[in-house]
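Here's a solo chain for you in structure tokens, the form predicted alone.
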């Protein structure tokens, strides 16, 4: 995900205003050092996170921000946690200046997380529909990898399930010798192989999620 945001940061001119909507601990702040960065979150994500570095604490469905006040909005892996994604995108369009850009990532296949605030998964067509209904144009929805990257993502947890901490002691003793091999195989070797094979899939119908860019029209 950081590569996507790094690419976005190269399109931002010095002095432009950037809103990180659903910023969490604001890990991307330093990528926008030349811009005027604002991190916004409602603080309902991971309870272990430190939200004290946010610029604004508030509801993403009713952002306490002036209309047409940002040149860019970034939103990474947040849309699935919003009970009203359409309303959120309308809010994003409101705070963007005419001609401003939204840069968004959203999952298609990912485990439940940050429960109970995990509501939706998205296809490329669903994302395009939501964005168009919110008034965006020049919508680009690109898959984040193909089948083999998808497979690599799904195979990594296998080691954790095979060697769960709550296994019976007998299981732990019998398979103790296999644990390092399992960790190497499922968390390093197989994911690396899948990443190398991913260019073989040109259709990209199996994917972990999507990377989106869209523009608020110059005239509404």
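Positions refer to the first chain, counted from 1. It should be emphasised that the depicted structure is a prediction, and the values quoted were computed from it without experimental measurement.
The form predicted together with a small molecule exists for this protein as well; it is not shown, and the discussion that follows is about that form.
**Student:** Within 4.5 Å, heavy atoms only, one stretch in 130-138, 145-153, 92-100, 78-86 touches the small molecule in the predicted complex. Which?
**Tutor:** After filtering at 4.5 Å, what remains is 78-86.
**Student:** Answer for residue 163 alone: is it within 4.5 Å of the small molecule in the predicted complex, judged on heavy atom distances?
**Tutor:** No, residue 163 sits far enough from the small molecule in the predicted complex that none of its heavy atoms falls within 4.5 Å.
**Student:** Evaluate residue 60 for contact with the small molecule in the predicted complex, applying a 4.5 angstroms cut-off between non-hydrogen atoms, and reply yes or no.
**Tutor:** Residue-level check for residue 60: yes, a contact with the small molecule.
**Student:** Look up in the predicted complex whether residue 175 has a non-hydrogen atom within 4.5 angstroms of the small molecule, and give yes or no.
**Tutor:** No, residue 175 stays farther than 4.5 Å from the small molecule in the predicted complex.
**Student:** Should residue 51 be classed as touching the small molecule in the predicted complex when contacts are defined as heavy atoms within 4.5 Å?
**Tutor:** Result yes; residue 51 sits at the interface with the small molecule in the predicted complex.
**Student:** If you check in the predicted complex, do 24, 27 and 114 all have a non-hydrogen atom within 4.5 Å of the small molecule?
**Tutor:** Every listed residue reaches the small molecule in the predicted complex, so yes.
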